[in-house]
Structure formats: C-alpha cells, structure tokens
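Take a look at this one chain, the form predicted on its own, written out in structure tokens.
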Amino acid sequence: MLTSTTGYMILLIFGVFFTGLTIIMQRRSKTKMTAEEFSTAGRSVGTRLASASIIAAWTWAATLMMSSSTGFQYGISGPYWYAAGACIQVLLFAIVAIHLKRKAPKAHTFLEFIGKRFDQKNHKLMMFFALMTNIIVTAMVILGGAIALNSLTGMNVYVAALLIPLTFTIYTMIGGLKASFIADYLNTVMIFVILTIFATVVYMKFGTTTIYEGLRALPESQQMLTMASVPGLLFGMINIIGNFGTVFVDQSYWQRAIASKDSAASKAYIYGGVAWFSIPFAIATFLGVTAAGLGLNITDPDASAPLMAAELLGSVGSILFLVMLFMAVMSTGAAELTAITNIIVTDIYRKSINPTASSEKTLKVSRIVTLSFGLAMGILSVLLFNIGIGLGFVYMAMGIFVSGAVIPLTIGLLWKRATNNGCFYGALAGMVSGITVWLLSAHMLSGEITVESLGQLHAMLYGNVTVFVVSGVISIGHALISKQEFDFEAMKDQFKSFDEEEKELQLATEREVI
C-alpha cells in the first residue's frame, strides 16, 4: 500500500506536467489561438494523431477498472464481452463520421447539424441527451480515479474526487482541443507500455497453469472457464447497448471527426477501434481473471485491477497502475471538457445568447465554461459517492438514460426520410419507457427499488433493451409512414466557421459606415 502523500504527488506531477507542456506548445506554435482553433484544432488533424486520440478518449478509467471487474466476476468471458461490446460502436462510428464531414463540413458540434436538419424541439432534446452523456462519462472518469487512489494510497476518496478534475481542467482551459490531442497521443503510448509490463510479469511470475487450476477450483456455478457464462452474456448485452449511447451521443467523438482532415476521419475510427480492443481485453485478462484464478481476497470487484497490480510488483505495480489510470483520466477528462464547452458555446451561447460575439469574446467564454464545468464535476462526484452510487452502477445504467437518442440521431444523419416528430418522440419515449421498465423490473425481481436492486443484471438489461426497441420502432416507423424526404444538399452551405462569421460581421459593419 502506498501512502496518501504519494497520491497527492501523482496528482500534482500530472497536473503540472501537462499544464507546462501545453504552455510550451502554445508558445512554440505559429498559429494564434482563436475560438475556432480552440474548438476544432484547425480541422487539420491527421490519421495517426486522430487514431491515438480516439484510443485515449475511449480508454476511460472505467475501461481499466470495470474491464478487470468483469474478468474477476465472470471469468474468461468477461474480457471478451467488455472489449467486443465497446469496440463495435467506434468502428461503426466511422460511417457517421464521414457523413458528417460531407454534409456539414464546417459544423462545430453534431447538435449544430441537428438544429438545421430538424426543428428546435429536436435540437433541445438532443442537447439534453448530449449534456447528460458528457456529465455521466465525466463522473465515471472521476469516480474511477478516486476509487483507484483510495484503494492504492488510502487517499480520502472525497478529496481525490475534488482534486482529480483540476489536473485536466487547467491545461484544457489553456490549450483547447489541440491540447487534448497532444495529451491523448502521449497517454496512448504510455498505456500500451505499462500494459505490456503487466502482461509480461503475469506470464513470468505465475504462468498459465496456476491461473487455470485456480479458476477450475472455483464453484462451477460461477462459470469462470466458459464463454457461455450467463452473467457474462448479460453483461455483454448491456455493454453493447449502453456504449452505443456513450459514443454516438457524446460530442467528444463527433469533434474528433470534425477536427480531422477529410481523408483521416473514417480511417481514424477504424484503426483506433481495432487498436483499442487490445487494452480492455488484455488488462481484464492479466489483472481481473488472474486475480480470480489466484484467489485473491478482493471484496470490491471494481478494485480488482489496482490490487492485482500491487500483488504483481508491490509498490512499483501500484505506481505503474496509477500512472496508467491517470493517463486515461486525463485523456477522457480533457475530451469531455472540450466536448461540453463546444456544446455550450456553439449551441447555447452563439446560437441564442450572443450570435455576433467576436472570436476573442467566444474564446473567453469557452475558457470560463471549461473551468466551471471541471469544478462542478468534482462536486457532483462527491455527491454520487455520498448516496452510495459507484462506478459499476453508473457504467451499466448509462445506456438507459442516453441511448434513446442513438437511432433518431443516426437516421437523421444518414436517411433523408427521417422525420422531425418521429425522431423527437422516438428519443423521448425510448428514454421514458426504458427508465420505467428498469424501475418496474427491479421492484418485481427484488420487491423494492434500491441502488442494489436497480444494479441487478436482469433489471439493467430489460431497461437497456426497451430503450433501443421503443426509440427505433417510433422513429423508423414514423419515417416509413410519413414518406417525407429531406434535401441534404440544401443545408451544406449553412455551416460557417467562427472566423468566417466574424469576417462577414466586420464587412457588414464597414458597409454600414460607408
């Protein structure tokens, strides 16, 4: 066990390093920071950097903590269902990424596209889904980091939850989306290096036979050595449905497509998705499944990864795991911060509050939003800990709240027959019916509605499936009945960069003076 001082030092070192790196990169850059540069990174990111950024953004603290938890609880099926269940969404996102680049080449957010494709009620509803997704994901990032710090260093979990957001908020506030990309690249490299070290040590220290015999000795009801594990399969289904929402409704993935070159957008998601698969699959196998096979006394499955890392290499293992975890926390945290900043600035501030704001004013507002949201998320995470909601619960419940928007949003981008009312009522009814079925299932299965009964696999599965079925039937069914058609070509020239809008405003002002 490390000391709590080590935990504070790690937070300080990470925060200072990335803030210093961002300041240096800013000073050496020949490009002036503008509101457009802050939110889109110049729309010039290549395939390799974009791929690394997607890997890092999709590697949450939950990826390291929850994937190992599934390996520890469900055996060999856990790593596969976690990795495969969360990989397919990123690969499929390559399709919508290229469509967004073609139909709205200068959009800043996917909500900007929705606002012009559909009516205002759809724009507001999708914004609600998007903001909720960003808040849930950021909460999970902070919860995962705080749990790991508490498990390995004894650091107070509430203090950790308050301090973690500061480590990525400051440098994101300075460097915007470009800073997020640079941190992502470094973090991806470091995560793969540490993962290789853990895999090598497990193999050299224990070998496969010891772990296999340990898993065989566990009760057969746990189904640790079969891919037909029923609990593993249920988790896999929840994982697939839930993660569609956290990719397709999360602005951070859309903005990586927006920031990429046209030729890099779809390739980056394919390369990034395939490479990402190896991270949860390997860490869940080498830390989670191994911990179960060795029979470690672990009371909280969410903490199996850090405790197994300490078992492997002592204090060095704990530090390596914390470094890997914080690489993930920094990347995802920065990605979510820039995502919510872009939504608030583009779809609320520039759209409804101050449409003629200058680039300088918009940049100032962007930085204020970034700082405010980062601090607020620390407070929210403390509240979640207080009411007994942990990482695993949030991870599996998120799909019920956010996946209702997936099908309406996707067909709105890809299908000219998608309708305003069909998509709006499909998304809304999907979420409401999913929550209702989730609550009823928990009550019928356990006789009460508590955090524990709501966290059961069957209740979670029924809620997640209902969301997808209801939203899909309504949005697609209404489109087929109405037979309306939308002209995508007509909206192509309606998107302008912040810089272009400012130039047009200046020209208009000059004409008035003349």
Partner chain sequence: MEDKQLMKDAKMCTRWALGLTFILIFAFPGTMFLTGYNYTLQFFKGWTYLAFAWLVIAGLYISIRPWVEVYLEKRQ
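Positions refer to the first chain, counted from 1. All figures in this text were calculated on a predicted structure; none of them were measured in a lab.
One more form of this protein exists, namely the form predicted together with the partner chain; it is left out here, but the text below deals with it.
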| query | Do all of Arg48, Tyr271 and Thr285 end up near the partner chain in the model of the complex, with near meaning a heavy atom within 4.5 Å? | reply | yes
| query | Looking at the partner-bound form in the model of the complex, is Asn122 within 4.5 Å of the partner chain by any heavy atom? | reply | no
| said: Taking the partner chain as it sits in the model of the complex, is Thr188 near enough to touch it, meaning that at least one heavy atom pair lies within 4.5 angstroms? | reply: yes
| task | Check whether Lys267 has any heavy atom within 4.5 Å of a heavy atom of the partner chain in the model of the complex, and answer yes or no. | result | yes
| request: Look up in the model of the complex whether Trp81 has a non-hydrogen atom within 4.5 angstroms of the partner chain, and give yes or no. | output: yes
| request: Within 4.5 Å of the partner chain in the model of the complex, counting heavy atoms only, one of 226-234, 437-445, 340-348, 136-144 shows up; tell me which. | output: 226-234
| query | Which listed residue (Ile240, Ile368, Leu294, Val159) meets the criterion of a heavy atom within 4.5 Å of the partner chain in the model of the complex? | reply | Ile240
| So which of Lys364, Lys205, Lys416, Arg102 gets a non-hydrogen atom within 4.5 Å of the partner chain in the model of the complex? | Arg102
| Stretch 169-203 - residues with a heavy atom within 4.5 Å of the partner chain in the model of the complex | Tyr185, Thr188, Val189, Phe192, Leu195, Thr196, Ala199, Thr200, Tyr203
| If the CA atoms of Ala442 and Gln222 move by 3 Å or more in the model of the complex, do they move toward each other or away, so closer or farther than here? | farther
| Quick one: Ser221 and Ile283 C-alpha atoms, closer or farther in the model of the complex compared with this form (3 angstroms or more)? | closer
